[in-house]
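Consider the single chain below, provided in structure tokens and representing the form predicted alone.
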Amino acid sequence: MGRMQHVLVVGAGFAGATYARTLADRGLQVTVVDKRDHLGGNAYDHVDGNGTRVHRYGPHLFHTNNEEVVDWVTQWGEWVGYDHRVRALLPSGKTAPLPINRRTLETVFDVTLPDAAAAEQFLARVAEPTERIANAADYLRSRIGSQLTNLFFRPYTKKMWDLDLEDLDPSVVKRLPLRFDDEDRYFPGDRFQIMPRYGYTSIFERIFDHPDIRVQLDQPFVRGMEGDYDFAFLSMPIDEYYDNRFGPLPYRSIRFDHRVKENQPDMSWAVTNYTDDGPWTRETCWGMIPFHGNGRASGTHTREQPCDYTENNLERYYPVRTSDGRFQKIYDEYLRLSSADPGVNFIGRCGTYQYLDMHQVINQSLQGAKKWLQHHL
């Protein structure tokens, strides 16, 4: 195995866990440190005093077409199918499916659209095509027109990113599909839509359960710590590691309001998006997710209020991607700096300054660990 015997992994979320287990299974000794007091990073969940499973950092919904990722993650526990649904609360008090489908158009415009073809024709009439897509506003208006853009995306985007749609990169909204039929599942294009039956935390406990993995919680990373190891994988902000040499990379964060709501009418969806100008972007009803509650709308709910990460104990959730790419250019400077540092790799959402879903983090980490092993073992 050569000289590489003991590696450091910073972060006990999916990036760190995937690297740690992959390396330990190949015979390396791994020490994992995390400044938080729990495993799982932002995917951490727990059962609250009402017997409801709550994701402390907002709903984490596992969906992918990547069979390799599914094979890897499902070996660590029992998983169950789950079709996620979201509805938007309109100014009228009605709710409509998101992403936009035929029923959404009928509800918003008070029209009757007998089939998918009629819905597609209607949307084509309200769309405002443009030759050059420079930002998220251009992209949305060209697909769905101004009314739907301003209703479903403009207030939400301002709250979520503290940016106008005109300032946001199109890639941020291109992730959202557009439908003309009655499909109301949020991720219908993904073959695998699953949730861990006993929670994500139990999955992490199994991943880290290896004789060559040592986990230290409540242990912040301190610069220089990596010098005690043969190599370090850092799931941490790359700008923080380099003392903000080129300036800080901005992130959006979320404040969570967990509360019990009684006597709620039954619903068939788990997440409600707000379209108003108030502080909240969405609300999760945990009881509507399998094995999280009683299957009813009454119980624990969580509302989300976006903010700048500097206003929330430096909790970084979403890298900010602007239409002019100014923050990506800053990240590229840090990336060039790190490429000259032979003892460390930056991993995960904060290490690579990317908006990544869980399956993408796992895939990136599996491939990254394999590549590293090929060159170092």
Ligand code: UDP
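The first residue of the shown sequence is 1; numbering continues from there. Everything numeric in this text was worked out from a predicted model, so none of it was measured.
Below, we refer to the form predicted together with the named molecule, which is not included among the displayed structures.
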- Residue (of L123, A232, M236, V172) lying close to the named molecule in the model of the complex, criterion heavy atoms within 4.5 Å: V172
- Note on the structure: None of W76, Y241, Y82, Y156 but one has a heavy atom within 4.5 Å of the named molecule in the model of the complex; the exception is Y156
- Query: Tell me which of 156-164, 241-249, 210-218, 294-302 has residues with heavy atoms within 4.5 angstroms of the named molecule in the model of the complex?
  - Reply: 156-164
- Is there a non-hydrogen atom of L98 within 4.5 angstroms of a non-hydrogen atom of the named molecule in the model of the complex? yes
- Mark W286 yes when one of its heavy atoms lies within 4.5 Å of a heavy atom of the named molecule in the model of the complex, and no otherwise. no
- Does at least one non-hydrogen atom of A134 fall within 4.5 angstroms of the named molecule in the model of the complex? no
- Message: Please determine whether L176 contacts the named molecule in the model of the complex, using a 4.5 Å cut-off between heavy atoms.
- Response: yes
- Within 4.5 Å of the named molecule in the model of the complex, all of F152, L168 and Y318 (non-hydrogen atom): yes
- Item | Neighbours of the named molecule in the model of the complex among 179-197 [non-hydrogen atom within 4.5 angstroms] | Y186
